[in-house]
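For reference, the chain that follows is the form predicted on its own, supplied as structure tokens.
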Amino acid sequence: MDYVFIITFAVTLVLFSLFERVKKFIYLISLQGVLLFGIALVNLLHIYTLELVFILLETIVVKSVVIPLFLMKMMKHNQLKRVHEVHVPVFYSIVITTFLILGSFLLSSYVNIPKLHTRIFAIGFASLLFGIYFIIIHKNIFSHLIGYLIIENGIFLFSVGIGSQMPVLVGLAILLDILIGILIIGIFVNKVKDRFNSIDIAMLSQLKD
């Protein structure tokens, strides 16, 4: 079952490269939350019950429901439908994403760390790299937020990959980091939209003291 979750998560990264509609990005973020729930449930059953419950609630409630609903509200407020400003053609983007995923799994085979779940480490590293790549190829602030969330999911997978000792404070730190990031960027995006009628990062050059 673990393989199914990991492979499906890898597929979501490829789909991020394929899709252009903002709503599909949000659906994929929600799906990743569900997959993180499954991965955590399968691999962290040995930790303390309170820690496990907190981590599972963080993934299935916050990552799968709360954050996507917040993103959907932002999408409607800013009247976003489709992303057009991608710098890299879809085909090349899919190839690059596939390379990042395969390269991450190849790299993980050379990592020799005790109690490390190499497959989860690999997909977490791939998610981290892809999130950075996703941000680089987009000019839209909302897309940058999506990339940031993908990176956060990769960091979460790193924690699960180490997994044998995962204090509740680690999960709490990840949760707070996500929420604070969304709140700050959400407010910023709304202000930029109200001021410039656009959330293209090129408009930020007009900002002055």
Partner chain sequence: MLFDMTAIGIALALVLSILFPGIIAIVKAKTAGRKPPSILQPLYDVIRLFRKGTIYSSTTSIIFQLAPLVYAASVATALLFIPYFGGPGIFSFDGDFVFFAYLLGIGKFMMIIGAMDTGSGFEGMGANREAFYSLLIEPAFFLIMGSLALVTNHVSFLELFSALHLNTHLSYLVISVAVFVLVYITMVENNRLPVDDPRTHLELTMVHEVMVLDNSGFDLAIIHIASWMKFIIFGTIIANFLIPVLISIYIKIALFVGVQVAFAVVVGLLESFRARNKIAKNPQWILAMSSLAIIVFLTTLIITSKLILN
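Positions refer to the first chain, counted from 1. The model shown is predicted, which means the values in this text are computed figures rather than measured ones.
Not pictured, yet referred to below: the form predicted in complex with its partner chain.
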| item | value |
| --- | --- |
| Contact check for Ile7, Leu102 and Leu116 against its partner chain in the model of the complex, heavy atom at 4.5 Å | yes |
| Contact test in the model of the complex: Ile137 vs its partner chain, heavy atoms, 4.5 Å | no |
| 4.5 Å heavy atom contact, Ile94 to its partner chain in the model of the complex | yes |
| Non-hydrogen atom contact Asn78 with its partner chain in the model of the complex at 4.5 angstroms | no |
| Interface membership of Met72, its partner chain in the model of the complex, 4.5 Å heavy atom rule | no |
| Any residue of 1-31 that, in the model of the complex, places a heavy atom within 4.5 Å of its partner chain | Met1, Tyr3, Val4, Ile7, Thr8, Ala10, Val11, Val14, Leu18, Phe19, Glu20 |
